[in-house]
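Take a look at this one chain, the form predicted on its own, written out in structure tokens.
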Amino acid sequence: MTRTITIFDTTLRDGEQSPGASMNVEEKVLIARQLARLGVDVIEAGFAFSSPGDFEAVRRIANEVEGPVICSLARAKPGDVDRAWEALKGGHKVRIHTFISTSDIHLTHQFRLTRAEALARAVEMVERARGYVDDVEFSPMDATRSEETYLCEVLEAVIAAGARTVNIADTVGYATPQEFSQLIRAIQQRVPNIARAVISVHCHNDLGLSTANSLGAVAAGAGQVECTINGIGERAGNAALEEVVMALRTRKDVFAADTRIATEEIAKTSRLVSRITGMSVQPNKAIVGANAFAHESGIHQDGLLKEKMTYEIMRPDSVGAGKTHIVLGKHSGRHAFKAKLEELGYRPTEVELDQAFERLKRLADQKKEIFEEDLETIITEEMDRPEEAYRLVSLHVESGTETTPTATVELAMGEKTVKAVGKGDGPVDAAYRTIASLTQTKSRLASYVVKGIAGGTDALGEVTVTIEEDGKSVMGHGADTDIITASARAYLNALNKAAARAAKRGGEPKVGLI
């Protein structure tokens, strides 16, 4: 039987404790509305006692956002509990969440309390909160570094005092999944009245184990997970809501548990929180990272094109992430390249595809990201390539403020290779004059146009030239990350077209540069 796990979202409280992630009231209300659309069960809207802004955010969210239970955090102090109630009253469904530490490390060095004093205060504040609301949650802070017998004694007492949820906090991210699962099982066995409360878990990510610990707790019987969007939170953050939810959804066979989350809203929620907090999501972040459904490896791309399940364990649209993104780069395979070209509307021959694929590989070694415009430029050049009377083998150009531009050009012409050195008014002029001398062709350069295919200094540059002879025009195109090389390719492309046209007329090619 599949259990339903309660998702307690603390993005607006613990998440806001990330350095630099402070939000104003309007921003908090906006995120709370999106969390309601996402389907979270509980929104911890803030810490009402901490500031007027937090108080107002809790008050407005409690009164304006429908669906989830709205919660305010409160230390185990009368003023905190009272202030939480003042912010929450009038809300449709509200909860007060109070806490005090139970670890000797905290009690001795921070709180200056004995165990007996901390227990008495915990009970007193749970009772005080129950005087205001029926739904009270209690957290033993630093529970995973607390002595187990004392921890269970505190839990039994606060449940007897009226706590409906007891939240086992791994406050400093110290526990391992095995330890944390064992602790949850021990609590179930050693707290006599535990059946009267939901066991919740709140895991921090200091060792990168927050999601693993949360899932281990669910497997051991926990019924609520406290988490944040994108895993934001104090220090290394909290368990990421999207990871916990999708792990449960994807591996029901293991956890026999699921949530009420509308997972299609995950990506939208992630983007909203990232934009408002200014905290970017790392590209390789699970579920919501830019690369979460992107594939560059040729082996992976080939499998995906045959069957998505080969390399994707969940559909990108199931989390609102659109579709699988095939990234073309130096690790890509021919199959993915062909599929992408067909998606763009191109149907190259096998020869054209092979030549274009080799150019893709060379380009991918030169720049980090290949754009669709790059692909279209490469494939149109190959599909529009005439019989090559002249093929560029190598090009070397020297130029500068105190140097006469000089080009060394090597061309393949039929069965032979020729090479020459020439000078010009600039690097392109030097290259063109040298090519003209090698091909022994003459024409007028009517136009020369350069444009960048995409942004960045490593962008593929495209050159278009028009050459004229006897009143007839021929246009050539060339592309490369080196604009001089692109210029040479464009000029040779035009010469080859002119040569092919002359051959069809039964004459000799005469076009070239003068």
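Because the structure is a prediction, the values reported are computed rather than measured. We number the residues from 1 along the sequence you see.
Below: the form predicted together with ligand KIV, not depicted.
Asker: Residue 99 versus ligand KIV, in the model of the complex: is there a non-hydrogen atom within 4.5 Å?
Answerer: Residue 99: contacts ligand KIV in the model of the complex.
Asker: Verify the contact flag for residue 169: yes if a non-hydrogen atom of it lies within 4.5 Å of a non-hydrogen atom of ligand KIV in the model of the complex, no if not.
Answerer: Yes.
Asker: I'd like to know if residue 95 sits close to ligand KIV in the model of the complex, meaning any non-hydrogen atom pair within 4.5 angstroms.
Answerer: Contact check for residue 95: no, nothing within 4.5 Å of ligand KIV in the model of the complex.
Asker: Looking in the model of the complex, any heavy atom of residue 232 within 4.5 Å of ligand KIV?
Answerer: Residue 232 lies outside the contact set for ligand KIV.
Asker: May I ask you to choose, among 439, 228, 210, 139, the residue with a heavy atom within 4.5 Å of ligand KIV in the model of the complex?
Answerer: Partner contact (heavy atom, 4.5 Å) among the options: 139.
Asker: Quick check on this chain: which one of 319, 431, 73, 125 has a heavy atom within 4.5 Å of ligand KIV in the model of the complex?
Answerer: Of 319, 431, 73, 125, the residue with a heavy atom within 4.5 Å of ligand KIV in the model of the complex is 73.
Asker: Out of 406-414, 262-270, 189-197, 202-210, where are the residues with a heavy atom within 4.5 Å of ligand KIV in the model of the complex?
Answerer: Comparing against ligand KIV in the model of the complex, the contact stretch is 202-210.
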